[in-house]
Every structure is written in structure tokens, then in C-alpha cells.
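Two separate entries follow, structure 1 and structure 2, each one form of the same protein chain as C-alpha cells.
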Structure 1
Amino acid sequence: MIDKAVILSTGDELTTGRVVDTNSATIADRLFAAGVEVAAVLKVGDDREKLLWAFGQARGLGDLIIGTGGLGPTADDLTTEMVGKFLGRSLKQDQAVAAALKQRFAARGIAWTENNLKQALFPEGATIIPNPVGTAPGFRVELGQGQTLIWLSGVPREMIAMLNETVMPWIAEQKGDAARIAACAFKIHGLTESKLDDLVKPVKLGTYAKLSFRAHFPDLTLGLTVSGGAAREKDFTEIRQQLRQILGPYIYAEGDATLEEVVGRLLLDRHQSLALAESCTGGLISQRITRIAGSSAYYLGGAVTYSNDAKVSFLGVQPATLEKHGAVSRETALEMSQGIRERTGADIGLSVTGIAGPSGGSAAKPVGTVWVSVAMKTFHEARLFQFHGERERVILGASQAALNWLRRCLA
């Protein structure tokens, strides 16, 4: 039975503060949703004694131990060796993993070095956890008395893939329904955390339901969890429905979808093509749109017109407009969106021009002043946004506001 877990994060980069450990939070989040309590998180460096100490402590606290890090080929990767020592088991090379490693190197034309074979060693009796996106697989070992140790790559992308594809399904299999927690998440745009809190206060939660707020700019996520498995399914459905009604257009997605995914889906559904004219966002919106696989079906391209000359030559903005109203103005934004729409033949032109800072602001147009314009066949408007904070925050906020407005235009 898996009730209590201990998470171990290892690596000198964690105990010297060079890297912020996100793995333990990701794992804790997933375990929580699966109804597994995290008794403690332990972090130690790449050190034999410390690892043994951590294994020992974890064994005393939980029935599931999930660790990350130290599975690589270099000398400071000590995990497998020390797990073997801790359990009193010898290490065995897995021939299939060794062959796959060699093949992977050959396929990429990377010179093979023997130290890579270290990643094919596993404690005797371990079940291998495939790493679909990297070289070092993980493993699961039964410790007896209902205890299990699972070890995953410390590279977040690899860890997440291993967690999703192998570990969480295995945990779900081990656990019954009653401990299951129903969960959903709403992604919000256009509300502050405290305003969101105010809006959802009237919702009656009872003892099984819990709301959580996570603000990770520019994303604001409202989570709902209801414990109790099938017996509480109805409560979950009702509260979710209430939240949908209260928050309506502020919700841009349910679940994990990003705003660019939502916009991409709408463009596909509406058979609309998009072109971008970016100034202060510097290519960020284009990059967000194109990181979605298949975006070439609706995204034609765009111009990053950082200089005034580029606004004129690439978008046909009138020099007189720039002179009279400035590069950051309603008029320039309107000409940019219309210009990119005409020159690419896209159904929709979206433009952004603003002052990201830290310099370039004035009393009339302070840092954070951003104009966004949407040009469609029967619609051509510009809107003013005011952002606060550092350059990166202004750029990120502007990209989010522009994409959200586009979403509303398409909805």
C-alpha cells in the first residue's frame, strides 16, 4: 500500500544553490493528486555518506521513496552504486540498455566513450524505467515489507516523461479508488490573485473540496481537488460547474493547455491564418505560436520590427505616422497589424508595439505602455495596456495580453 512518500533530490548543484530544484515540487504535485502524502523532501549533494543517510531516513519515513539525479555517466553520478550498497545488492549491466545506448550514440554520430556504460548498470532485481527522451533510464526496486524505491533522471524534461509514462500509472495501479482525488485546473487571464479569491469565495466547498491558487506570471491557475474517490464525484462535478459559471471568459483553458495552444486550436477550427508584427515583444509571440507542432498550418510568419526603418520597409507604416504619433501609439499599432496582414495575405494580422524598458519611457508613455492591434476582414482595432515591473515581465505580459485578445476575437 502506498500512503506516504519521501522525495529525494540529489546533486551538488542543489546543495550549493546553483540550481533551484523543481523536480521535488513536480513529483509532490503529482503524488498529491494521486492521494499519496509526502512525508518529507530530502536534498543532499553528490556524496556517498549523505546518500546513504538520505536512503536510511527515507526508509524510516515512507513506503514509497522517489529520488532524482546522479544517474549520468560522470564520476559524480553516484546514485546506482550507492543504492546497490544500501540494499546490499550487486549491480548488473543490462544488455538491452547498453546496446540501445551505443546505438543512440552511433545514430547521432557522437563518439562513444566507455563511461557511458555506467548508465546501463542497475541494482540486481530492479525493474528498469525507460527514459523516452534521454540516455539514462531509471529503476524501481522493491525493498520488502511493502516498501518501494524509484529513481529517475534529474533532468526535469526526462524526469517528467518517466513520471508520466511509467511511474504514475504504476502508482495508480497500486492504489484503490477511495483515496483517489478528483482534480481540475482553470487557467485564468485578466484577474489578480486577490480578485480571483474574492470571486470564488461564495462557492461552498464542504470538507472534501479544496481550492488552490498558483500564480506564475503570466499564468494564474485555480485548482480544485475533491478527495474521496467515486463517492464524491458528484460534488466535484457541481463545484467545477459553479466555477465555470463564475469565471466565464476569464478562463482561457481547463487543464494544462497554454494560451498559444488554445489560440492555435481556434485558428485551426476557424480556418483562419495569422501573421504577426512585433516590436517590443521581440519575437516572443511568434516563438510561442511556433513551438506548437503543426503551427505552420495557420501561422504564415511575421516581422520583428525593432527599428522604425524596419516598421516602414517591412510593414509599410507611414513615416508621417511614426513622426506624428511615435512608434508606440494607436496609429502605429493599427498600421502595423494592417501592414502585416496585407503583405502576407493572412486572414488576421496581430501587432504589438510598446516600451519594454528599462529605458525609453517618458511621463506620457511610461515603461510598460503597450499598444496591441488586431486586423481582420471586418474588424480593425487597437487597445492600450499598461504593464508594471521589469523588462522581462512587460514583454511576457504583453505577449499574454495580445494572445488573449486574439483568443477573445476568435471565440
Structure 2
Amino acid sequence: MIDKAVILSTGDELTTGRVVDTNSATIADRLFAAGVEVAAVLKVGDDREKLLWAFGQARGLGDLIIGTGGLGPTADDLTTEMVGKFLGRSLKQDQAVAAALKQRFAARGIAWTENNLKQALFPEGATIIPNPVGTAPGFRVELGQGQTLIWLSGVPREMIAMLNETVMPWIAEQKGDAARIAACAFKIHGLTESKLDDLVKPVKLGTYAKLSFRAHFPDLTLGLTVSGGAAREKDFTEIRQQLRQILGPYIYAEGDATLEEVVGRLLLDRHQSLALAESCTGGLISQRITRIAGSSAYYLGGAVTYSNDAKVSFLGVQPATLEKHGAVSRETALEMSQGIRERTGADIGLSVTGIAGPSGGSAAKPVGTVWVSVAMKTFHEARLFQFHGERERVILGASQAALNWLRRCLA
């Protein structure tokens, strides 16, 4: 029975801080949803003695050890060798994996070197875990006394594919339904953490349900977990619906969708096109929109009009408006959104103008002052937002606020 797990992340790049370890967080989240407690997360560099120490520590703390990294062909990829040494087992080459590696290299026209066969070595008795998006397969090996060690690629996209397709289904089989945890996460914009906590206080959870809060500027995530498997499915559904009713328009997604993905789907569903006029965000909103595959179906283009002259030349903002109200004003934002809409022929024009700092603010318009405007056929309005913090924080906050207001206008 799998009750407790230990996560091992290996690599000098992790222990020196050059790379942020996202693998352990992803694995821990998935294990929790499967009803497995994470007893510890260990990070060690590419060092034989330290790896042996980590294996020993992990074996004393959990029923399941899940590790990542060190499965490649280079000299510092030590994991498989050290697992074999730790268990006292020899390494054997899997001929099918070796052949698949050679075929993959040949198909891509990449020069083959013999050190790649290192990725076809596995501890004796191991079960191979396929890597559907990379060259290095992982493996699962029984340690005895009900303990299991699983090792996956350290490349995040490869690790996630292996986790989803092979590891989590295997864990689910071992756990059974009663231990399963139903979970969902709401992405929220426009509330403080304290206000969110206050709004959800009336929800009755019982001993089997839990809410978790995570602040990650410029948003919040509210997580719901309900333990008990199929017997608690009705409770999970009812609590989730209560949260939807209470939080309503503040929820922009449930799951992993980004705000730009949500906006893109709304534009597609409504057969609407979008154009952007950005000042203080410097093209960030356009970049976020266009990073979504298929965005050409609804995004026509945009203009980064940082100077007053550019606002006049490219968007048709009136010089008198700029002289009387300034570049950061409701009036200018309105003319920017209408100007980009008219010049591109888009159904919707979205504009942003503000003071990102650290200089340029005043008592009347402090740093962090941002105006956002949306222009549609039957709707043309602007809203004032006030952000605090360093320049990048203001720019990110402004981009998120603009996309979220557009989402609410579309919805």
C-alpha cells in the first residue's frame, strides 16, 4: 500500500540555483490528489556519495520514491549507475530501447555517438517507463518490503508526460478508489487573499474537504480537495458549485488555462476579432495573445504607441486631448481603443496607457496609474486601475487587468 512518498530531484543546476525545480512541485501536487502524502522533498547535486545518501534517506521515509534527473548520456548523468550500486544490482542494456534510440537519431539526421547507449541501461529487474517526448526512458524497480523506486526524466515536459501516461495510472491501481482525492482549482482575478477568504467562509466543508489559497501576482488560486473517492463525489460537486456561485465573475478559469487562452476561446466562440493599442505594457498583451496557437483567427494586430506622437500618428488621438488631459487619462485611453479598432477593422479595440515607473508619477497620477479602454460596436468605456510595486509588477498587473476586463466584457 502506498501511503507516503519521497521526491528526489537531482542535478548541480538545482543545488546551485541556476534552474528552479518545478518537477518536485508538479509531482507533489499529483501525489496529493491521488491520496499519497509527501513525507519529504530532497535535492542533491550530481555526486555519487550524495546520491547514495539521498537514496538511503528516502528509503527510510516513504513507501514510494519518485526521482527525476540524471538519465542522459553525459558523464554527470549518474542516476542509473548509482541506483544499481545502492541496490546491489547490475545494469543491463535493453535492446529494444537501444534500437529505438538509434532509429530516433537516424530519423532526425542527428549524428550517433556510443554514449547515447547509456540511456538504454537499467538496473536488473526494472520495469521500463516509456518517454513519449524524449530520448531517455525512466524505470520502476521494487526495493522489497513494499517499497518502490520510480525514476523519470529531469526535463519538465518529458517528466510530465511520463507521470501522466504511466506513473499516475500505476499509483491509482495500487491505491484503489477509497483513497482517491477529488480536486479542482479556480483561478481568480480581482480579489485580495483576505477578501477571498472572507467570501468563502459560509461554505460548509466537513472533515473530508479542504480549501487552499495560493497568491501568485497578479492572481489567486483557490484549491478544493475532497477525500473519500466515489463515495464523496456528490459532496465534491456540491461544494464546487457553491464556490462557483459565490465567486462568480472573479473566476476566469478552472484548471490550468491562462487568461489569454480564456479570452481567445471567448473571441472564437463569439466570432469577434481583436486589435490592441498598448503604451505602458509595451506589447506584452500582444505577446500573450499571440503565444496561443490559432490566435490568428481572432487577433488582427496592434500598435505599441509609447510616445504622444505615435498615439497621434498611428491611432488618431487628438493633440488637444493629450494637451488637456495627458497621455495617461480616460480620454486618451478611449481615443486609443477606438482608433485601433477603426484602423484595423477589428470588432474590439483594447487600449492600455499608464505610468509603469519608477519615474514619471505625480501626486495626481502616481506611479502605477493605468487606464484601460474597451471599444466595441455597442460599448465604449474606460476603467482606472492602480497598481503598486516595481515597474515589471505594474506592467504585468496592467496586462492581466486589461485581459480580465476584456473577458468580462465578452462574457
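Throughout, residue numbering runs from 1 along the sequence of structure 1. If you superpose the two forms and keep the largest set of C-alpha atoms that fall within 1.5 Å, you have the rigid core. Everything quoted here is computed from the prediction, not taken from an experiment.
Pick one: which structure is the form predicted alone? It is the second structure that is the form predicted alone.
Taking the rigid core as the superposition reference, indicate whether the CA of G70 shifts 2 angstroms or more between structure 1 and structure 2. Yes, its C-alpha moves 2 Å or more.
Once both forms sit on the same rigid core, is the C-alpha displacement of M159 at or above 2 Å between structure 1 and structure 2? Comparing the forms between structure 1 and structure 2, which are aligned on their rigid core, M159 does shift its C-alpha by 2 Å or more.
A107: with the rigid core matched between structure 1 and structure 2, does its Cα shift 2 Å or more? Yes, because once the rigid core is superposed, the C-alpha of A107 moves 2 Å or more between structure 1 and structure 2.
Can you give the CA shift of K118 between structure 1 and structure 2, in Å, with the two forms fit on their core? Displacement of the C-alpha, rigid core superposed: 4.8 Å.
Per-residue C-alpha deviation between structure 1 and structure 2 [I150; rigid core superposition; Å]: Taking the core as reference, the C-alpha of I150 is shifted 2.6 Å.
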